[in-house]
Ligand code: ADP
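Below you will find one chain, with nothing else, as structure tokens; this is the form predicted on its own, and questions on how it binds or moves follow later.
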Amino acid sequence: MSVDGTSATTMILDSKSGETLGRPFLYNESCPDALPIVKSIAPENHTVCLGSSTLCKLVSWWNSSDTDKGSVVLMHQADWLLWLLHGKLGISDYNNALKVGYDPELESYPSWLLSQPYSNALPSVIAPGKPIGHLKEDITQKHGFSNDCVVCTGTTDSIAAFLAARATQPGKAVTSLGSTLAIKLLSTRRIEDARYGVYSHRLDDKWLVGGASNTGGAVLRQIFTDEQLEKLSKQIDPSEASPLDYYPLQTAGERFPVADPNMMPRLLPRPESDVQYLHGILESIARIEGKAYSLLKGMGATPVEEVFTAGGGSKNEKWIKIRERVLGVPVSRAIQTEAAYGAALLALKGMEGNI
């Protein structure tokens, strides 16, 4: 058994009791108060040098909380859920721990991080999908699981979606179109630059490069109902480019392919036709996706050759055709689009050695 969860969703717990020491920090929540401090200790343009990084959230909590910090542990949401299953507090994986500063290439926390006063709060880190222990006996009995059910370390939601799509060759990519837009491209080269919200996750001997934009389906749901989206989409001609130029965001702030906490949503002018308006928004999101893949190529990543789509947006065939035209590469819906399927494959790999 394994679990995937949104990276950079951060929880601070008492390492003795497991009680939460405040509310969780959500994945897209920014902590600008901590950013100058983090930038002063981390290498230039490191992944943690974004206000929404896990490390910024830890530093912000550490400097503002009056709680006794002698027994504190940081956990990501996947870590926390897995802890409820196996009972061993303070274990994470190197996918989730990337944004707190863990180096998956060296398989250790860097010295500049370990020298900080809050380093005692950092979780121990092992590879994703590795066995931690058996499912707790009370859960086994309550829910009827097998006594030999093993709980493995987890991963992030977008990596799990990538695994579910079974995109195994460099140049293959998965765009997760959920409430936000997350991109993962399999590359032979590691790419990281906080100026553009670009980071790389380790995947065996290769790298998943990419980032997550705040544009996506949540913006559409602010404007249209599901029924409207389905009806209006059928009337769009995906072979024609929309002249409308938007930057669809729910609120101010973008993470990738531009890292700008002050970027404002741009959804005007609104044409009289709702079909044209939806077409413009879908095309604008596709352009953001295209800019993201072009950015990765320009930074030295393996060029994208094919894109698989996961998430709720993968159901919209007209949007797939729009994106295929804008990106200039084949785009298709992944056969398996549920991130949970990827987490299951990860657990299987951890137990059997391969997928």
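Take the two forms, superpose them, and find the largest set of C-alpha atoms that agree within 1.5 Å; that set is the rigid core. We number the residues from 1 along the sequence you see. The structure displayed is predicted, hence computed values, not measured ones.
The same protein also has a form predicted together with adenosine-5'-diphosphate (ADP), omitted here; what follows describes it.
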task: May I ask you to state whether residue 220 is within 4.5 Å of adenosine-5'-diphosphate (ADP) in the predicted complex, using heavy atom distances?
output: yes
task: Check whether residue 191 has any heavy atom within 4.5 Å of a heavy atom of adenosine-5'-diphosphate (ADP) in the predicted complex, and answer yes or no.
output: no
- prompt: Within a 4.5 Å heavy atom cut-off, is residue 51 in contact with adenosine-5'-diphosphate (ADP) in the predicted complex?
  reply: no
- request: With heavy atoms only and a cut-off of 4.5 Å, decide whether residue 316 touches adenosine-5'-diphosphate (ADP) in the predicted complex.
  value: yes
- line: Within 4.5 Å of adenosine-5'-diphosphate (ADP) in the predicted complex, heavy atom basis, the matching stretch of 211-219, 74-82, 151-159, 95-103 is 211-219
- line: From 91, 259, 229, 281: within 4.5 Å of adenosine-5'-diphosphate (ADP) in the predicted complex by heavy atoms is 229
query: Given that adenosine-5'-diphosphate (ADP) is left out here, which of 43, 303, 290, 312 has a heavy atom within 4.5 Å of it in the predicted complex?
result: 312
task: Note that adenosine-5'-diphosphate (ADP) is not shown here; using its position in the predicted complex, name the residues of 166-180 with a heavy atom within 4.5 Å of it, in sequence order.
output: 177, 178, 179
query: Honestly, after the rigid core fit, is residue 51 moving at least 2 Å at Cα between the shown form and the other one?
result: no
- request: Kindly check if the Cα atom of residue 200 is displaced 2 angstroms or more between the shown form and the other one relative to the superposed rigid core.
  value: no
query: Is residue 33 among the residues whose Cα moves by 2 Å or more between the shown form and the other one after superposition of the rigid core?
result: no
